[in-house]
Every structure is written in C-alpha cells, then in structure tokens.
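Quick heads-up: it's one chain on its own, the form predicted on its own, in structure tokens.
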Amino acid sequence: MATRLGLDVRGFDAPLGAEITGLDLRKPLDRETVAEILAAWYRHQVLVFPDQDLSPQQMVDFTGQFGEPGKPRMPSRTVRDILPNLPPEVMIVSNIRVDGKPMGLPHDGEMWFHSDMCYVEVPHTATLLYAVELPSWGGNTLFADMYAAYDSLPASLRNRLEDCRALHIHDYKRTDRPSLDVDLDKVGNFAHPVFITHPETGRKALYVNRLMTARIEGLDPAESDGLLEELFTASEDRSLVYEHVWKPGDLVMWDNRCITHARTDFPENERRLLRRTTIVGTQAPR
C-alpha cells in the first residue's frame, strides 16, 4: 500500500513480514514517516528495507529514531582493534577470523530459534541487522510469529501455563539447549512469563525458545521438558515462519516481543558479515 509520504509498504506472501521502499535511510526521517514505519512494524512484525548503503554510524542514527540504541553486552576486543571507529552501539555478526580469532562473537553455521536478550529482566525490544558480506548460499534468517504460535496452542495448555514463568539462560552452543547445571551467578538469566502481552498491540505472544529457555519454573524436570517441547514444536511450525534470503544492502528490523529468529547453515569457508543494532526496552515482558 502506498502512503501519502512516498513510503511504500508491501506485505510478503508469507505468514509475516513486509518490505519498505521509497526511503533513503541515510537521511533523517520526519515524525510522520517514523509513525508510518512503526505502524507497519506493529502490523507485520518484520520489516525489510532493501538496497540501503549505510555506514555504521548511519545505522545507529536510523536506529535512534525509534528508541535508545542498545550496546552489546560483550563487546569484542578483536573488533575494536580492527575497527577502532566502530560505534559502541554496533555489534559485528560474522564468521570472519583475524589472526585466528573471531571478528566479534563467533557466528558460524546454523543457529536455533531464539529471542535476543530474553535472559535479562528488560530485553531489547527490537533488533536491526544490515548485510555487508554474504556467502554464496545459506545464512538465511528464519522469523517465527509468536502471536500465531500462542493462538495455535490448545486452550487447555494456555490455561495451564497462563501464570507460569520460564527461565532463559545465556549459555548455549548455537544448536544445544542451555544446561541447568551451569552456575547461574556466572551467566545471564531471567525468568519471564511463558505468555506475554505486547504493550503496543495488546496481543498475546508465546515467549519461549529452544535455544535459551531452560525450564518452566515450579515444575519437575520431566514435566517441564515435555511441556517445553510441545511449545517449541508449536513455535517452530514452518507455516508460521518467514525465511529471509539476504542480499547486500538489506536492513531488517524485527520485534523481539513477538518474534523468534534462527539462522540456516552456510559454507564455513565463505565470509559472512552483518552489522547489528538494537533498541533498548522500557519494561519487562508481562
């Protein structure tokens, strides 16, 4: 649908997501355009801005028009040594090694579904990812609709878990569940409601994910594991997923309160480099 601002929003032939064209994101946006983008974001959950040419600082500036840009919790010394002028709000998502050391946190191959920073009390509400270098195939990002996942659950299961909380742990290996044997004093962790209400849309969403959710609080391990597997299966149903095949210059923005995302495998001998920013949250999920 075209808008009076010249901004064009085209919903995908997919369960979620939309492409926005007609904007040069290097330039400041007026209030009406910001409001239009937010309305599209709340409706479609994932927005793709193709064919952008953004410096790291321009990406931070764009992010800042929608809220306070976050900073990586574990900035990489390697990245700062190589890119001393990289803004502190930018995280490098890459498999590139320099002198044998990862250029930032290692981002290789497949990665299970997760929600960014669900292991802190107030997670960042949005993540933005910008493609710089891409492999010849793979490294696609899968986005799953957690509104639809919640709606798909049997009423009996929703009623049973309505007041339950799930523990999320920042201790994972890309394709492994977090261990409950870890010392929680040494890793990020927080228990959030299994179901949350989005503060802007008022819609209910499932808020667990296979990569970081370790247990449902108050249940014995076997019962917790069984219920979580049921929730994971519902949340990863491919009928609820949009798969983004990256092109250089794509900027993708998604809502961590109603989306989980995953990464498909890609050649380990080919370079992949994206820049990431986030928007700081203002309240804990509830």
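Since we're looking at a predicted model, the values are computed, not measured. In case it trips you up, residue 1 is the first one in the sequence shown, and so on.
Just so it is clear, the following notes concern the form predicted together with ligand OGA, a form of the same protein that is not shown.
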- Query: Using a 4.5 Å cut on heavy atoms, which of A126, V93, A149, V90 is close to ligand OGA in the model of the complex?
  - Reply: V93
- Query: What is the one choice in V194, I169, M111, V79 with a heavy atom within 4.5 Å of ligand OGA in the model of the complex?
  - Reply: M111
- Query: Thinking of ligand OGA in the model of the complex, which stretch from 22-30, 256-264, 234-242, 56-64 has heavy atoms inside 4.5 Å of it?
  - Reply: 256-264
- Task: Check whether T141 has any heavy atom within 4.5 Å of a heavy atom of ligand OGA in the model of the complex, and answer yes or no.
- Result: yes
- Query: Honest question, do D116, R272 and R276 all end up within 4.5 Å of ligand OGA in the model of the complex by heavy atom distance?
  - Reply: yes
- Task: Scan 204-233 and write down, in order along the chain, each residue with a heavy atom lying within 4.5 Å of ligand OGA in the model of the complex.
- Result: none
